[in-house]
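The data below hold one chain only, encoded as C-alpha coordinates and taken in the form predicted on its own.
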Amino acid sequence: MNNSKISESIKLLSLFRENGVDEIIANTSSNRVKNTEKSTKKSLIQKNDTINRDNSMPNERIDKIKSIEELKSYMANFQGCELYKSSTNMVFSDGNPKSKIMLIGEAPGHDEDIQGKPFVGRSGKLLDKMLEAIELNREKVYIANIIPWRPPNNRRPTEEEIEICLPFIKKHIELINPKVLMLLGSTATFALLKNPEGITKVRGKWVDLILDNITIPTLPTFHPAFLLRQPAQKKHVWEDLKSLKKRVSK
(Lines give C-alpha, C1' and ligand atoms only; values in the text may rest on other atoms or scores of the structure.)
Protein backbone atom coordinates (compact mmCIF):
# COMPACT_ATOMS: atom_id res chain seq x y z
CA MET A 1 0.00 0.00 0.00
CA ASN A 2 1.50 3.40 -1.05
CA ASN A 3 1.62 6.53 1.10
CA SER A 4 -1.37 8.20 -0.61
CA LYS A 5 -3.66 5.23 0.11
CA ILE A 6 -2.47 5.11 3.72
CA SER A 7 -3.23 8.81 4.10
CA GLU A 8 -6.71 8.35 2.61
CA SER A 9 -7.41 5.45 4.96
CA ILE A 10 -6.37 7.49 8.00
CA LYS A 11 -8.61 10.38 6.92
CA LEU A 12 -11.53 7.97 6.42
CA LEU A 13 -11.06 6.45 9.87
CA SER A 14 -10.89 9.93 11.42
CA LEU A 15 -14.13 10.86 9.66
CA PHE A 16 -15.84 7.72 11.03
CA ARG A 17 -14.66 8.52 14.52
CA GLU A 18 -15.83 12.13 14.39
CA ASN A 19 -19.30 10.93 13.35
CA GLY A 20 -19.61 8.48 16.25
CA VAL A 21 -18.86 5.26 14.32
CA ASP A 22 -17.31 2.73 16.75
CA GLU A 23 -17.67 -0.53 14.83
CA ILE A 24 -17.25 -1.79 11.27
CA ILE A 25 -20.03 -3.78 9.61
CA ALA A 26 -18.77 -6.60 7.44
CA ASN A 27 -19.62 -6.85 3.73
CA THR A 28 -21.29 -10.23 4.28
CA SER A 29 -24.12 -10.90 6.71
CA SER A 30 -23.67 -13.08 9.80
CA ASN A 31 -26.39 -15.19 11.40
CA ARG A 32 -25.73 -14.45 15.05
CA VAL A 33 -28.44 -16.82 16.28
CA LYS A 34 -26.93 -19.69 14.30
CA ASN A 35 -23.43 -18.83 15.50
CA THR A 36 -24.68 -18.77 19.08
CA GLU A 37 -26.25 -22.21 18.58
CA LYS A 38 -22.94 -23.52 17.20
CA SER A 39 -21.06 -22.07 20.16
CA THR A 40 -23.54 -23.61 22.60
CA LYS A 41 -23.33 -26.99 20.83
CA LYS A 42 -19.53 -26.88 20.93
CA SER A 43 -19.64 -26.05 24.63
CA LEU A 44 -21.95 -29.01 25.31
CA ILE A 45 -19.68 -31.35 23.35
CA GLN A 46 -16.69 -30.19 25.39
CA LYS A 47 -18.69 -30.59 28.60
CA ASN A 48 -19.82 -34.09 27.67
CA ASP A 49 -16.27 -35.03 26.73
CA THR A 50 -15.15 -33.85 30.16
CA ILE A 51 -17.89 -35.91 31.80
CA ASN A 52 -16.80 -38.99 29.86
CA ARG A 53 -13.17 -38.49 30.76
CA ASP A 54 -14.19 -38.07 34.39
CA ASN A 55 -14.63 -41.83 34.22
CA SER A 56 -10.94 -41.84 35.08
CA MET A 57 -11.98 -40.97 38.65
CA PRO A 58 -14.22 -43.97 39.43
CA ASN A 59 -14.27 -43.74 43.24
CA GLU A 60 -18.00 -43.21 43.71
CA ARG A 61 -19.04 -46.17 41.57
CA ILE A 62 -16.34 -48.42 43.00
CA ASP A 63 -17.61 -47.78 46.53
CA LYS A 64 -20.81 -49.60 45.56
CA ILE A 65 -19.02 -52.75 44.33
CA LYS A 66 -19.50 -55.69 46.69
CA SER A 67 -17.77 -58.63 44.97
CA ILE A 68 -14.68 -59.60 42.98
CA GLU A 69 -16.91 -60.44 39.99
CA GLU A 70 -18.46 -56.94 40.03
CA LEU A 71 -15.02 -55.33 40.24
CA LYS A 72 -13.68 -57.39 37.36
CA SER A 73 -16.70 -56.54 35.20
CA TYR A 74 -16.43 -52.85 36.00
CA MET A 75 -12.72 -52.76 35.20
CA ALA A 76 -13.24 -54.67 31.94
CA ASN A 77 -15.56 -51.88 30.75
CA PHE A 78 -13.55 -48.99 32.17
CA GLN A 79 -12.10 -46.63 29.56
CA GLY A 80 -10.70 -43.90 31.76
CA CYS A 81 -7.10 -45.12 31.38
CA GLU A 82 -5.58 -44.92 27.92
CA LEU A 83 -3.53 -48.08 28.45
CA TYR A 84 -6.51 -50.29 27.65
CA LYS A 85 -6.34 -49.16 24.00
CA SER A 86 -2.92 -50.70 23.37
CA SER A 87 -3.43 -53.83 25.51
CA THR A 88 -4.51 -57.27 24.35
CA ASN A 89 -6.10 -58.25 27.66
CA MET A 90 -6.95 -56.76 31.01
CA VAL A 91 -4.88 -58.65 33.55
CA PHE A 92 -7.08 -58.92 36.63
CA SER A 93 -5.66 -61.56 39.00
CA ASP A 94 -4.54 -65.12 39.59
CA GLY A 95 -4.55 -67.52 42.51
CA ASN A 96 -6.90 -68.18 45.39
CA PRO A 97 -9.24 -65.28 46.32
CA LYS A 98 -9.76 -66.88 49.75
CA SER A 99 -6.05 -66.85 50.55
CA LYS A 100 -4.64 -65.06 53.59
CA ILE A 101 -1.76 -63.80 51.43
CA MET A 102 -2.08 -61.22 48.66
CA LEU A 103 0.82 -60.26 46.40
CA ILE A 104 0.75 -57.06 44.33
CA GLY A 105 3.11 -56.29 41.47
CA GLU A 106 3.51 -53.37 39.08
CA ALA A 107 1.89 -54.02 35.69
CA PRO A 108 1.58 -56.77 33.06
CA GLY A 109 4.41 -57.51 30.66
CA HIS A 110 4.19 -59.02 27.18
CA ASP A 111 3.43 -62.58 28.29
CA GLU A 112 0.92 -61.43 30.88
CA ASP A 113 -0.83 -59.26 28.33
CA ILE A 114 -1.19 -62.22 25.95
CA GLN A 115 -2.37 -64.73 28.55
CA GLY A 116 -4.41 -62.34 30.68
CA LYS A 117 -2.75 -63.46 33.94
CA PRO A 118 -0.18 -61.77 36.19
CA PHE A 119 3.38 -63.07 36.51
CA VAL A 120 3.50 -65.72 33.80
CA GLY A 121 6.72 -64.64 32.08
CA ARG A 122 10.30 -64.92 33.36
CA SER A 123 9.43 -62.88 36.45
CA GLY A 124 6.49 -65.16 37.07
CA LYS A 125 8.59 -68.30 36.94
CA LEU A 126 10.97 -66.79 39.49
CA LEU A 127 8.03 -65.78 41.67
CA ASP A 128 6.78 -69.36 41.61
CA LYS A 129 10.19 -70.56 42.83
CA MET A 130 10.18 -67.90 45.55
CA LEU A 131 6.80 -69.13 46.77
CA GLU A 132 7.88 -72.77 46.63
CA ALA A 133 10.82 -71.92 48.87
CA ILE A 134 8.33 -71.22 51.70
CA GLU A 135 5.97 -74.04 50.74
CA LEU A 136 3.48 -71.88 48.87
CA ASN A 137 2.10 -71.84 45.33
CA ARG A 138 -0.55 -70.03 43.30
CA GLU A 139 -3.31 -72.09 44.87
CA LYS A 140 -2.32 -70.73 48.27
CA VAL A 141 -1.83 -67.03 47.43
CA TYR A 142 -3.68 -64.33 45.48
CA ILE A 143 -1.87 -62.15 42.93
CA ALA A 144 -2.77 -58.82 41.31
CA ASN A 145 -1.09 -55.69 39.91
CA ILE A 146 -1.32 -51.96 40.53
CA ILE A 147 -1.99 -51.49 36.79
CA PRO A 148 -4.22 -54.05 35.00
CA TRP A 149 -3.15 -53.09 31.45
CA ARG A 150 0.29 -53.43 29.91
CA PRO A 151 2.13 -50.12 29.37
CA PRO A 152 3.62 -49.91 25.83
CA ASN A 153 7.08 -51.46 25.54
CA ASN A 154 6.86 -52.56 29.18
CA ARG A 155 7.65 -49.02 30.33
CA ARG A 156 7.02 -48.02 33.91
CA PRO A 157 3.48 -46.70 34.55
CA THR A 158 3.19 -42.93 34.84
CA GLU A 159 2.03 -41.28 38.06
CA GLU A 160 -1.22 -40.34 36.31
CA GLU A 161 -1.86 -43.95 35.27
CA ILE A 162 -1.15 -45.13 38.79
CA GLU A 163 -3.54 -42.62 40.33
CA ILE A 164 -6.29 -43.55 37.87
CA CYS A 165 -5.97 -47.25 38.70
CA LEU A 166 -5.34 -46.86 42.43
CA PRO A 167 -9.05 -47.07 43.42
CA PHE A 168 -9.22 -50.46 41.65
CA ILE A 169 -6.41 -52.10 43.61
CA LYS A 170 -7.61 -50.60 46.90
CA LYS A 171 -11.08 -52.03 46.35
CA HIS A 172 -9.45 -55.30 45.25
CA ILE A 173 -7.55 -55.50 48.55
CA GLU A 174 -10.67 -54.71 50.57
CA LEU A 175 -12.66 -57.43 48.82
CA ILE A 176 -9.94 -60.07 49.30
CA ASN A 177 -9.25 -58.81 52.83
CA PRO A 178 -5.99 -60.80 53.23
CA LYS A 179 -4.24 -61.36 56.52
CA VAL A 180 -0.99 -60.03 55.06
CA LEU A 181 0.05 -58.15 51.94
CA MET A 182 3.36 -58.35 50.08
CA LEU A 183 4.24 -55.54 47.67
CA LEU A 184 6.58 -56.56 44.87
CA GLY A 185 8.76 -53.68 43.75
CA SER A 186 9.01 -49.92 44.05
CA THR A 187 5.95 -49.05 41.95
CA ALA A 188 3.52 -51.11 44.03
CA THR A 189 5.18 -49.93 47.25
CA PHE A 190 5.04 -46.25 46.41
CA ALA A 191 1.52 -46.43 44.95
CA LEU A 192 0.01 -47.85 48.12
CA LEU A 193 2.32 -46.62 50.88
CA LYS A 194 3.42 -43.28 49.35
CA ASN A 195 6.82 -43.86 50.92
CA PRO A 196 9.34 -41.08 50.24
CA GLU A 197 12.23 -43.56 50.55
CA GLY A 198 13.32 -45.99 47.86
CA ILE A 199 12.51 -49.69 47.89
CA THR A 200 16.01 -50.61 49.10
CA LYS A 201 15.37 -48.77 52.38
CA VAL A 202 11.82 -49.94 53.06
CA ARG A 203 11.93 -53.56 51.90
CA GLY A 204 11.74 -56.11 54.66
CA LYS A 205 10.00 -53.68 57.05
CA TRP A 206 6.40 -54.36 58.07
CA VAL A 207 4.03 -51.40 57.87
CA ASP A 208 0.26 -51.09 58.22
CA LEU A 209 -1.70 -50.29 55.07
CA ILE A 210 -4.82 -48.44 56.22
CA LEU A 211 -7.76 -48.46 53.83
CA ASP A 212 -11.34 -47.28 54.42
CA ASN A 213 -12.53 -50.36 56.27
CA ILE A 214 -9.46 -52.44 57.08
CA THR A 215 -5.84 -52.30 58.20
CA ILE A 216 -3.44 -54.86 56.72
CA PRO A 217 0.16 -55.70 57.74
CA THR A 218 2.18 -55.03 54.60
CA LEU A 219 5.69 -56.09 53.59
CA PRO A 220 7.52 -54.45 50.66
CA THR A 221 10.18 -56.46 48.85
CA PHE A 222 12.04 -56.47 45.54
CA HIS A 223 10.25 -57.27 42.32
CA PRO A 224 11.22 -60.58 40.65
CA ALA A 225 12.22 -58.66 37.50
CA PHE A 226 14.76 -56.74 39.58
CA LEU A 227 16.12 -60.02 40.95
CA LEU A 228 16.65 -61.29 37.41
CA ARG A 229 18.90 -58.29 36.83
CA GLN A 230 20.47 -58.35 40.30
CA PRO A 231 20.67 -62.01 41.46
CA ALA A 232 22.76 -61.03 44.48
CA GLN A 233 19.68 -59.39 45.99
CA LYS A 234 17.85 -62.73 46.25
CA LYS A 235 19.29 -63.27 49.72
CA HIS A 236 17.35 -60.23 50.97
CA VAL A 237 14.11 -61.45 49.45
CA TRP A 238 14.65 -64.85 51.06
CA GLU A 239 14.64 -63.10 54.43
CA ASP A 240 11.46 -61.25 53.46
CA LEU A 241 9.76 -64.48 52.44
CA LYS A 242 10.63 -66.11 55.75
CA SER A 243 9.24 -63.05 57.54
CA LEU A 244 6.04 -63.36 55.49
CA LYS A 245 5.60 -67.03 56.38
CA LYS A 246 6.20 -66.33 60.06
CA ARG A 247 3.64 -63.51 60.07
CA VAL A 248 0.97 -65.68 58.44
CA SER A 249 1.60 -68.49 60.91
CA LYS A 250 0.81 -66.28 63.91
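Worth saying up front: this structure is predicted, and the values here are computed from it rather than measured. Start at 1 with the first residue shown and count on from there.
The form predicted together with uracil (URA) is left out here; the points below concern that form.
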{"item": "Uracil (URA) contact in the model of the complex: residue 178, any heavy atom under 4.5 Å", "value": "no"}
{"item": "Contact flag, residue 105 vs uracil (URA) in the model of the complex, heavy atom cut 4.5 Å", "value": "yes"}
{"item": "Any non-hydrogen atom of residue 168 within 4.5 angstroms of uracil (URA) in the model of the complex", "value": "no"}
{"item": "Close approach of residue 119 to uracil (URA) in the model of the complex, 4.5 Å, heavy atom", "value": "yes"}
{"item": "Heavy atom of each of 109, 145 and 223 within 4.5 Å of uracil (URA) in the model of the complex", "value": "yes"}
{"item": "Segment that reaches uracil (URA) in the model of the complex - one of 71-79, 95-103, 168-176, 119-127, heavy atoms within 4.5 Å", "value": "119-127"}
{"item": "In the model of the complex, residues of 172-204 near uracil (URA) [heavy atom within 4.5 Å]", "value": "none"}
